[in-house]
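Below, in structure tokens: the form predicted on its own, a single chain.
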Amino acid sequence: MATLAAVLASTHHPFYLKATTAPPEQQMPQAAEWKRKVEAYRETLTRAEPDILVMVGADHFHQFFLDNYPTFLIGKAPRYDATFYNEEREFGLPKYVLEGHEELSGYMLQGLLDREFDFAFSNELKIDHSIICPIITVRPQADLPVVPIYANIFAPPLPSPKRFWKLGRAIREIIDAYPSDKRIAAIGTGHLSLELGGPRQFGEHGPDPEFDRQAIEWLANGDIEAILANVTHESLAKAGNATAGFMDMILMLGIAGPEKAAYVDNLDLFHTMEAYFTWYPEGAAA
């Protein structure tokens, strides 16, 4: 059977590449520290020696809109074009073509359907910065095949936090059962408290530092009971109008299981709290 070599969850800040590669005199004060933290986080994936990446993200209204926005979707393509025009223009992100892993995508889709998750699928999916950002931060050589999974965190009505947890558990079951000797890493990105276009967007810290503190503690300790007892759509909206992206991080905890993270770090970037988590499932040592 396949080995789940590592589970990584982080925030995805689209300005990381631009902020850390600008000429020194143009870099933000936190650039050097940000780069050091990301490179340390990257090593947690390198150490796992993965063969395939299962990537969890969300489409930022680049190709899904309110007329047709899937709740959950998996890509089944042999390759994936990446990076939309506005991401090149605004964030300085380069274009990518990532290799797909059609066999695992098909196996995953069937397994999810068998577990009563009615996934959409796409043979022509284009991926955006929710998946390209972690490629840049933890696998910049972009040399491994990917299985992209998109979850709706933007277009109400949204699935519940518990549904994201259950989806993570289902994905874990499917990876564990996959008949292969491959080492698989699951990498997902979401948000802590975040405000986009609202009055709290450019505050001194993220819009809800107390939520950020609790969320980091919950994920670090694998405390799904506290998460499900405290996190609702209403509490997420109160923490910031885009904080529902935290549910993708709940999904990643579901893949890891209710365990303490092996690696935890964070960085306060004045308008958002960046955070990084890695779990090594039992028996996954390289």
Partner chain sequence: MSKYYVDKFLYTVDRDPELLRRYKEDPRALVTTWEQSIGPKLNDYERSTVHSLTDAEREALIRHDYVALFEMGAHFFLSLTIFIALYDEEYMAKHGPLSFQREFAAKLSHWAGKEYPSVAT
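Positions refer to the first chain, counted from 1. None of the values given here were measured: they were computed from a predicted structure.
This protein has a second form, the form predicted together with the partner chain, left out of what is shown; the following refers to that one.
Among heavy atoms of K182, none comes within 4.5 Å of the partner chain in the model of the complex.
None of the heavy atoms of P94 is located within 4.5 Å of the partner chain in the model of the complex. At a distance threshold of 4.5 angstroms between non-hydrogen atoms, Q63 is in contact with the partner chain in the model of the complex. Proximity of R172 to the partner chain in the model of the complex: non-hydrogen atoms within 4.5 Å are absent; the residue sits far from the partner.
Residues within 4.5 angstroms of the partner chain in the model of the complex, judged by any non-hydrogen atom, belong to 192-200 and to none of the other stretches in 106-114, 192-200, 142-150, 164-172. Residue-level contacts in the model of the complex: of V231, A242, M55, A261, one residue has a heavy atom within 4.5 Å of the partner chain, and it is A242.
Residues from 255-279 that approach the partner chain in the model of the complex with a non-hydrogen atom within 4.5 Å are limited to F270.
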